[in-house]
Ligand code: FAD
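What follows is one chain in structure tokens, specifically the form predicted on its own.
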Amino acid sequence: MKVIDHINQAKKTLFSIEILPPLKGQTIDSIFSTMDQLMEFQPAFVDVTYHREEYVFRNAGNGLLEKTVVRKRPGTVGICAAITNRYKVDTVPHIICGGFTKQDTEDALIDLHFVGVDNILVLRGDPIKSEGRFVAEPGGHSYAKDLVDQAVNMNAGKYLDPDLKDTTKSNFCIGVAGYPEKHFESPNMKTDLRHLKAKIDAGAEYIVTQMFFDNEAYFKFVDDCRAIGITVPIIPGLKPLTTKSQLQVLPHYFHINLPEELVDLVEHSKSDKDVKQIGIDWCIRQSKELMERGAPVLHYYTMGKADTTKAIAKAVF
């Protein structure tokens, strides 16, 4: 079932989660453990992130360095198929620009269509650490809108090879990311919203936001989107603080602001155990207000751990 259909048919705010693929060489049991603890809250859908390859330079043994590709987490096709088979829940694999050619993207979408996945979240993706800024794969896409265009074309039966005949149309519901506090590479919020609208106009059907800790940022973001003609559902993405170090880590990596009240509570806490409870309580407050104000779905970034999301869900759903 498509995400947009879940939202349109719902009579209350829905619950959804995002999970991380296991590290390469590990089993899927870590995902099953997370899912087992959260299925009681009946997630409408489960996002599965994709992590592109990195590369390192290793000694080739002849005095030269050899560029070696490393992939720390496996792809999402098998994971989505396993989750759907085990839990009978809809999955949303992330499709990214980085590391993919257009042909790679088409092949991934074909595989997802074959296994019955009909939702995708398309993202440009982050730059790899060794490059510092995003660089598109030769023959790949530079922007998430290009991924939207390719998926929309496949939904219309248009593949990269123009000579293909009698092609099968895919049926993907396409989601995109939104940034209540602006994407860090955008020069200003107006520009960021213009790029977001271009993705919606191209055919994306819903938006999932970057995490935020001040609901007013989300409410203003929604108002600003509506003011420029973006009418699709906007799903808030939520994550509780769990350690004091995240006061520096989260703003650094995700380019978000933390409310003064939350920072004061964390800075005056005595241990990370206390911080974890502060984070849970704060996220419960956020969740209840968002639900009261009509958010279509509350989407939780589990970061591979179920305990905090479970505590929040018990208090909210």
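The first residue of the shown sequence is 1; numbering continues from there. Note that the coordinates shown come from a computational prediction; the quantities given were computed from them, not determined experimentally.
What follows is about the form predicted together with this ligand, which we do not show.
The partner is absent here, but in the predicted complex a heavy atom of H183, alone among K158, K220, H183, H113, sits within 4.5 Å of this ligand. Of the residues T209, S170, T242, T105, just one reaches this ligand in the predicted complex with a heavy atom at 4.5 Å or closer; this is T209. Proximity to this ligand in the predicted complex, taken as heavy atoms within 4.5 Å, picks out 174-182 from the listed stretches 159-167, 174-182, 224-232, 80-88. Although the partner is absent from this view, L123 contacts this ligand in the predicted complex, with a non-hydrogen atom inside 4.5 angstroms. Interface residue remark: A144 is counted as part of the site for this ligand in the predicted complex, having a heavy atom within 4.5 Å. Proximity of H195 to this ligand in the predicted complex: non-hydrogen atoms within 4.5 Å are present. Although the partner is absent here, Q286 is not a contact residue: none of its heavy atoms lies within 4.5 angstroms of this ligand in the predicted complex. Residues are counted as partner-facing when one of their heavy atoms sits within 4.5 Å of this ligand in the predicted complex; in 93-115 these are H94, I96, in sequence order.
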